[in-house]
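To begin, one chain is listed below as C-alpha coordinates, in the form predicted on its own.
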(Lines give C-alpha, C1' and ligand atoms only; values in the text may rest on other atoms or scores of the structure.)
Protein backbone atom coordinates (compact mmCIF):
# COMPACT_ATOMS: atom_id res chain seq x y z
CA UNK A 1 0.00 0.00 0.00
CA UNK A 2 2.82 2.40 0.88
CA UNK A 3 4.41 1.78 -2.56
CA UNK A 4 1.18 2.76 -4.32
CA UNK A 5 0.88 5.96 -2.32
CA UNK A 6 4.52 6.83 -3.09
CA UNK A 7 3.93 6.18 -6.79
CA UNK A 8 0.85 8.46 -6.78
CA UNK A 9 2.76 11.21 -4.95
CA UNK A 10 5.66 10.87 -7.43
CA UNK A 11 3.31 11.10 -10.43
CA UNK A 12 1.57 14.17 -8.95
CA UNK A 13 4.88 15.94 -8.24
CA UNK A 14 6.29 15.08 -11.67
CA UNK A 15 3.05 16.15 -13.37
CA UNK A 16 3.05 19.46 -11.52
CA UNK A 17 6.68 20.15 -12.45
CA UNK A 18 6.09 19.31 -16.13
CA UNK A 19 2.85 21.32 -16.33
CA UNK A 20 4.54 24.33 -14.74
CA UNK A 21 7.44 24.03 -17.16
CA UNK A 22 5.10 23.89 -20.16
CA UNK A 23 3.14 26.94 -18.96
CA UNK A 24 6.42 28.81 -18.45
CA UNK A 25 7.76 27.92 -21.90
CA UNK A 26 4.43 28.93 -23.47
CA UNK A 27 4.47 32.29 -21.68
CA UNK A 28 8.11 32.85 -22.66
CA UNK A 29 7.66 32.02 -26.37
CA UNK A 30 4.24 33.63 -26.93
CA UNK A 31 5.61 37.13 -27.72
CA UNK A 32 8.21 35.68 -30.12
CA UNK A 33 5.58 33.63 -31.93
CA UNK A 34 3.30 36.67 -32.24
CA UNK A 35 6.17 38.79 -33.60
CA UNK A 36 7.09 36.12 -36.16
CA UNK A 37 3.45 35.86 -37.30
CA UNK A 38 3.31 39.65 -37.71
CA UNK A 39 6.54 39.62 -39.75
CA UNK A 40 5.17 36.83 -41.93
CA UNK A 41 1.99 38.86 -42.52
CA UNK A 42 3.93 42.04 -43.39
CA UNK A 43 6.25 40.03 -45.62
CA UNK A 44 3.36 38.50 -47.57
CA UNK A 45 1.73 41.90 -48.11
CA UNK A 46 4.98 43.59 -49.19
CA UNK A 47 5.93 40.73 -51.55
CA UNK A 48 2.47 40.71 -53.09
CA UNK A 49 2.63 44.46 -53.73
CA UNK A 50 6.14 43.93 -55.17
CA UNK A 51 7.85 46.14 -52.59
CA UNK A 52 11.41 45.19 -51.66
CA UNK A 53 12.57 45.00 -48.05
CA UNK A 54 15.08 43.30 -45.79
CA UNK A 55 14.45 41.53 -42.51
CA UNK A 56 15.89 44.53 -40.68
CA UNK A 57 13.77 47.10 -42.53
CA UNK A 58 10.49 45.24 -42.98
CA UNK A 59 8.45 47.22 -40.44
CA UNK A 60 9.75 50.61 -41.61
CA UNK A 61 9.27 49.75 -45.30
CA UNK A 62 5.72 48.61 -44.55
CA UNK A 63 4.89 51.76 -42.60
CA UNK A 64 6.46 54.04 -45.25
CA UNK A 65 4.74 52.40 -48.23
CA UNK A 66 1.44 50.93 -47.13
CA UNK A 67 -1.59 52.50 -45.49
CA UNK A 68 -3.69 50.19 -43.38
CA UNK A 69 -7.39 51.00 -43.40
CA UNK A 70 -9.50 49.14 -40.86
CA UNK A 71 -13.18 48.70 -41.69
CA UNK A 72 -15.65 46.72 -39.60
CA UNK A 73 -15.79 44.04 -42.31
CA UNK A 74 -12.06 43.75 -43.11
CA UNK A 75 -8.69 45.47 -43.13
CA UNK A 76 -7.57 46.93 -46.46
CA UNK A 77 -3.98 47.74 -47.46
CA UNK A 78 -3.32 50.60 -49.89
CA UNK A 79 -0.24 51.94 -51.66
CA UNK A 80 0.27 55.41 -53.14
CA UNK A 81 -0.30 54.14 -56.70
CA UNK A 82 -3.93 53.46 -55.74
CA UNK A 83 -3.67 49.68 -55.67
CA UNK A 84 -5.43 48.07 -52.73
CA UNK A 85 -5.08 44.64 -51.21
CA UNK A 86 -7.58 42.64 -49.25
CA UNK A 87 -6.75 39.69 -47.05
CA UNK A 88 -8.45 36.38 -47.65
CA UNK A 89 -8.81 33.46 -45.29
CA UNK A 90 -10.89 30.34 -45.43
CA UNK A 91 -10.99 26.58 -45.55
CA UNK A 92 -8.77 24.86 -48.05
CA UNK A 93 -9.00 21.18 -48.92
CA UNK A 94 -6.76 20.14 -46.00
CA UNK A 95 -6.90 23.21 -43.75
CA UNK A 96 -6.92 27.01 -43.72
CA UNK A 97 -5.58 29.09 -46.61
CA UNK A 98 -4.53 32.63 -45.73
CA UNK A 99 -3.29 35.23 -48.18
CA UNK A 100 -3.75 38.59 -49.81
CA UNK A 101 -5.01 39.76 -53.22
CA UNK A 102 -3.90 43.06 -54.73
CA UNK A 103 -6.47 44.92 -56.83
CA UNK A 104 -6.00 47.59 -59.50
CA UNK A 105 -7.66 51.01 -59.20
CA UNK A 106 -10.84 49.64 -60.80
CA UNK A 107 -11.27 47.38 -57.73
CA UNK A 108 -12.12 44.36 -59.88
CA UNK A 109 -8.86 43.46 -61.66
CA UNK A 110 -6.27 41.40 -59.80
CA UNK A 111 -2.65 42.55 -60.06
CA UNK A 112 -1.16 39.97 -57.66
CA UNK A 113 -2.02 37.18 -55.24
CA UNK A 114 0.14 35.99 -52.34
CA UNK A 115 -0.28 33.09 -49.93
CA UNK A 116 0.78 33.63 -46.31
CA UNK A 117 0.05 30.10 -45.13
CA UNK A 118 -1.64 26.90 -46.18
CA UNK A 119 -1.61 23.26 -45.08
CA UNK A 120 -2.50 21.56 -48.33
CA UNK A 121 -0.96 18.21 -49.29
CA UNK A 122 2.78 18.66 -49.97
CA UNK A 123 3.62 18.27 -53.65
CA UNK A 124 -0.04 18.35 -54.72
CA UNK A 125 -2.36 20.91 -53.16
CA UNK A 126 0.56 22.94 -51.85
CA UNK A 127 1.32 23.80 -55.48
CA UNK A 128 -1.19 26.66 -55.07
CA UNK A 129 1.76 28.61 -53.65
CA UNK A 130 3.86 28.24 -56.81
CA UNK A 131 4.68 31.44 -58.68
CA UNK A 132 3.35 30.12 -61.99
CA UNK A 133 -0.08 29.42 -60.50
CA UNK A 134 -0.25 32.68 -58.54
CA UNK A 135 0.80 34.62 -61.65
CA UNK A 136 -2.19 33.13 -63.50
CA UNK A 137 -4.41 35.43 -61.39
CA UNK A 138 -2.77 38.59 -62.77
CA UNK A 139 -5.18 40.53 -64.98
CA UNK A 140 -8.17 38.36 -64.04
CA UNK A 141 -11.37 40.16 -63.12
CA UNK A 142 -14.22 39.52 -60.75
CA UNK A 143 -17.18 39.67 -63.11
CA UNK A 144 -18.93 38.82 -60.82
CA UNK A 145 -16.45 36.18 -59.60
CA UNK A 146 -13.45 34.12 -60.62
CA UNK A 147 -14.05 30.72 -62.23
CA UNK A 148 -11.66 27.78 -62.04
CA UNK A 149 -11.12 26.03 -65.38
CA UNK A 150 -8.94 23.11 -66.40
CA UNK A 151 -5.21 23.65 -66.80
CA UNK A 152 -4.51 25.62 -69.98
CA UNK A 153 -8.21 26.26 -70.71
CA UNK A 154 -8.48 29.87 -69.56
CA UNK A 155 -10.21 31.92 -72.25
CA UNK A 156 -12.13 34.63 -70.36
CA UNK A 157 -11.08 37.43 -68.05
CA UNK A 158 -12.73 35.55 -65.16
CA UNK A 159 -11.08 32.16 -65.85
CA UNK A 160 -8.18 30.92 -63.72
CA UNK A 161 -6.28 27.84 -64.89
CA UNK A 162 -6.29 25.04 -62.34
CA UNK A 163 -3.42 22.74 -61.46
CA UNK A 164 -3.65 19.11 -62.53
CA UNK A 165 -3.54 16.98 -59.38
CA UNK A 166 -4.46 19.87 -57.11
CA UNK A 167 -8.03 20.47 -58.23
CA UNK A 168 -9.61 20.44 -54.77
CA UNK A 169 -7.07 22.90 -53.38
CA UNK A 170 -7.56 25.19 -56.40
CA UNK A 171 -11.34 25.05 -55.98
CA UNK A 172 -10.97 25.91 -52.28
CA UNK A 173 -8.60 28.82 -52.98
CA UNK A 174 -10.89 30.30 -55.66
CA UNK A 175 -13.86 30.02 -53.29
CA UNK A 176 -11.96 31.74 -50.46
CA UNK A 177 -10.82 34.58 -52.74
CA UNK A 178 -14.31 35.01 -54.24
CA UNK A 179 -15.95 35.06 -50.79
CA UNK A 180 -13.58 37.69 -49.39
CA UNK A 181 -13.70 39.74 -52.60
CA UNK A 182 -17.46 40.10 -52.06
CA UNK A 183 -16.73 41.65 -48.66
CA UNK A 184 -14.01 43.88 -50.18
CA UNK A 185 -16.32 44.96 -53.00
CA UNK A 186 -19.23 45.74 -50.70
CA UNK A 187 -16.89 47.82 -48.53
CA UNK A 188 -16.10 50.06 -51.51
CA UNK A 189 -19.47 50.30 -53.23
CA UNK A 190 -19.72 53.88 -54.37
CA UNK A 191 -16.06 54.80 -53.72
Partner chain sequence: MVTFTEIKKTKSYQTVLDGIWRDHPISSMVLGICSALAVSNTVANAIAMGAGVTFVLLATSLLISGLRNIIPRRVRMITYMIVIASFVIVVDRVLKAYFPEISESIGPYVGLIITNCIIMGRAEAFYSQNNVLHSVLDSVANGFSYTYTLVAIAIVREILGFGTLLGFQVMPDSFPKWVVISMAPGAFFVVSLFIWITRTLAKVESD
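Bear in mind the structure is a predicted one, so any value in this text is a computation, not a measurement. For the two forms, the rigid core is made up of the largest set of C-alpha atoms that agree within 1.5 Å on superposition. Positions refer to the first chain, counted from 1.
Note that the form predicted together with the partner chain isn't included here; everything after this is about it.
Novice: Have a look at 60-68, 137-145, 28-36, 159-167 and name the one stretch with heavy atoms inside 4.5 Å of the partner chain in the predicted complex.
Specialist: Going through the listed ranges, the match is 28-36.
Novice: Can you work out whether residue 16 and the partner chain are in contact in the predicted complex, taking contact to mean some heavy atom pair no more than 4.5 Å apart?
Specialist: Residue 16: no, not in contact with the partner chain in the predicted complex.
Novice: Determine the residues of 3-24 with a heavy atom within 4.5 Å of the partner chain in the predicted complex and present them in sequence order; the list may be empty.
Specialist: Read in sequence order, the residues that approach the partner chain (within 4.5 Å, in the predicted complex) are 6, 7, 10, 13, 14, 17, 18, 21, 22.
Novice: Rigid core aligned, does the Cα position of residue 19 differ by 2 Å or more between this form and the one not shown?
Specialist: Yes; that C-alpha moves by at least 2 Å between this form and the one not shown.
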